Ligand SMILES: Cc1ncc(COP(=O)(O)O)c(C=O)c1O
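Before any questions on how it binds or moves, here is one chain, the form predicted on its own, in structure tokens.
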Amino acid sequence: MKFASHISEMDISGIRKCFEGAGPNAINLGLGQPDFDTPAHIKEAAIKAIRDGFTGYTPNCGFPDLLLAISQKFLRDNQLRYSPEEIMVTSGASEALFLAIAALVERGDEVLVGDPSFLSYSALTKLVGGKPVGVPLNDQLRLTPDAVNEMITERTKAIIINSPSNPTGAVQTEEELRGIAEIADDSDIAVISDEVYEHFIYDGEHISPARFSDNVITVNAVSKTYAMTGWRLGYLAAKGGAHEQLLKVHQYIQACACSISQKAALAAIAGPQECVATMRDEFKLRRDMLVKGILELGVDLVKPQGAFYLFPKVGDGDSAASSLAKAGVIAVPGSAFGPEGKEHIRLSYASSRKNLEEALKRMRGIL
């Protein structure tokens, strides 16, 4: 059969490729998910939902009680006022990102993405016939208003911001976010803000670009915050008429998110938040441990402020990742996240301190 050219020309995820060839005793520092179990009260809510018969379709945008909880969450955590009618529950943040891009981008339109940045941004843009345009990061691996402004053309339709960032762990400053939002408003460009790592910040603070503009689609999920990656439950929020346009895409590709996952997400978002603080504290300990070890190896590194990734500069990222794999440590070559990442590798510290300690031993003489 003959496949569409825009599919045939795409490559399989570089993150998935890095797992190939790993031995049975390999330490996987390539996986971008918390190594914690989903908290008990969240699992119990899902079990109750099954027993109570919440196993059918839900409203397109999600259960009303979950939409209300997300609305309250936005006000509580982000100082954003989104009504339940401006929120949509999706099958993970991945679907939310696709909805935003598919609703905004026409064939030939350009989407600005950080270079390097999470690889899905470019891939999803290509899926709808758009052109991803990489914006080089500064020496602290952050996106700056000046760099964004230089890359805008008459074809630019959107810019994607991810703070804290995957793969760099960088956290954008308030000044940078305000500046980018103002540029987007002046140029009539939408901002898509991916905030899935918002609660894993160790230095600085999380600020949502939607504080500075209504021209923002805010994307989030319970996946990272509550160790629920497999539950596939995300959400987005948008002001004005954007919600209706996003719904058109959602209705026809998904209809609704999983009913059981929605009830679990309600328990997560509206329930006790101590589990989040526990994970954040542990991730900070691991970050500090891995940063110290990497620097002692003499490797160039910008200390990450958030998420659970390090992005050390190692010369040739592909070669380094290959050598590490042979030594039993799985890392993702930075080239997977954009051309500017080619001298880097991404290391996830969503793994036990014991594993991180052993990984550092195996890295000696390689990095």
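For every residue, the number given is its place in the sequence shown, counted from 1. It should be emphasised that the depicted structure is a prediction, and the values quoted were computed from it without experimental measurement.
Missing here is the form predicted together with the ligand; even so, the following discussion is about that form.
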Contact check in the model of the complex: 157, 178 and 215 versus the ligand, with a cutoff of 4.5 Å between any heavy atoms. Do all three pass? no
Under a 4.5 angstroms heavy atom criterion, identify the one residue in 280, 211, 73, 232 near the ligand in the model of the complex. 232
Interface check vs the ligand in the model of the complex: of 173, 273, 94, 140, the one with a heavy atom inside 4.5 Å is 94
Counting only non-hydrogen atoms, which stretch in 115 to 123, 142 to 150, 243 to 251, 76 to 84 is within 4.5 Å of the ligand in the model of the complex? 115 to 123
At 4.5 Å between heavy atoms, is residue 196 in contact with the ligand in the model of the complex? yes
Does the ligand come within 4.5 Å of any heavy atom of residue 162 in the model of the complex? yes
Is there a heavy atom of residue 221 no more than 4.5 Å from a heavy atom of the ligand in the model of the complex? yes
Residue 166 near the ligand in the model of the complex, any heavy atom under 4.5 Å? yes
What are the residues of 24 to 59, in order along the chain, with a heavy atom within 4.5 Å of the ligand in the model of the complex? 32
